[in-house]
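Listed next as structure tokens is one chain, alone, in the form predicted alone.
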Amino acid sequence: MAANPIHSYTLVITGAPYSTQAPQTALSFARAAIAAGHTVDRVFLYGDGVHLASSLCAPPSDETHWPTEWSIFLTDNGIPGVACIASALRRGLVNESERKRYELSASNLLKPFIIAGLGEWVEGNMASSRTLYFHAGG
């Protein structure tokens, strides 16, 4: 029997934590993919998925803190996490440079996430053997 091929994945998350299962399902997939010897090239947050990169999330202590879980996973595995700039700005997610640009009182982008344009999504599609989307459903 032939061995399973090794794949590289770009994950696109469009569903928000706590109102959809998209971030949770994506994290379960990413952990399983890494454990199976595959790679995750990047995680791209789009639409409501950008809420996953907010440092201002404060769920009850008996619930999983999905932004922190993702932050730890990305950091531990050296995987870039990218929030779409248009989606982020619309939803009040800003890094330090956008805070200064728009003269806002604070930034709230959780490390290691960065804010970038759709070019990061395109680059991920080109670099990875597979792109998987984790939507809000509906």
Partner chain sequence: MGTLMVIDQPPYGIWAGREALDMAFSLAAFDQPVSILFTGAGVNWLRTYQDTREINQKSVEKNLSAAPIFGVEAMYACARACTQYGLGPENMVDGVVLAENSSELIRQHSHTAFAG
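Residue numbers count along the first chain shown, from 1. Given the structure is predicted, the values throughout are model-derived calculations rather than measurements.
One more form of this protein should be noted, the form predicted together with the partner chain, which is absent from this view; the next part is about it.
- Within this chain, Ser97 is remote from the site of the partner chain in the predicted complex, having no heavy atom within 4.5 Å.
- Although the partner is absent here, Pro80 is not a contact residue: none of its heavy atoms lies within 4.5 angstroms of the partner chain in the predicted complex.
- Taking non-hydrogen atoms only, Ser71 never approaches the partner chain to within 4.5 angstroms in the predicted complex.
- The partner chain is not drawn, but in the predicted complex it has no heavy atom within 4.5 Å of Thr10.
- Contact residues in stretch 24-47 (any heavy atom within 4.5 Å of the partner chain, taken in the predicted complex) are Gln24, Tyr46, Gly47.
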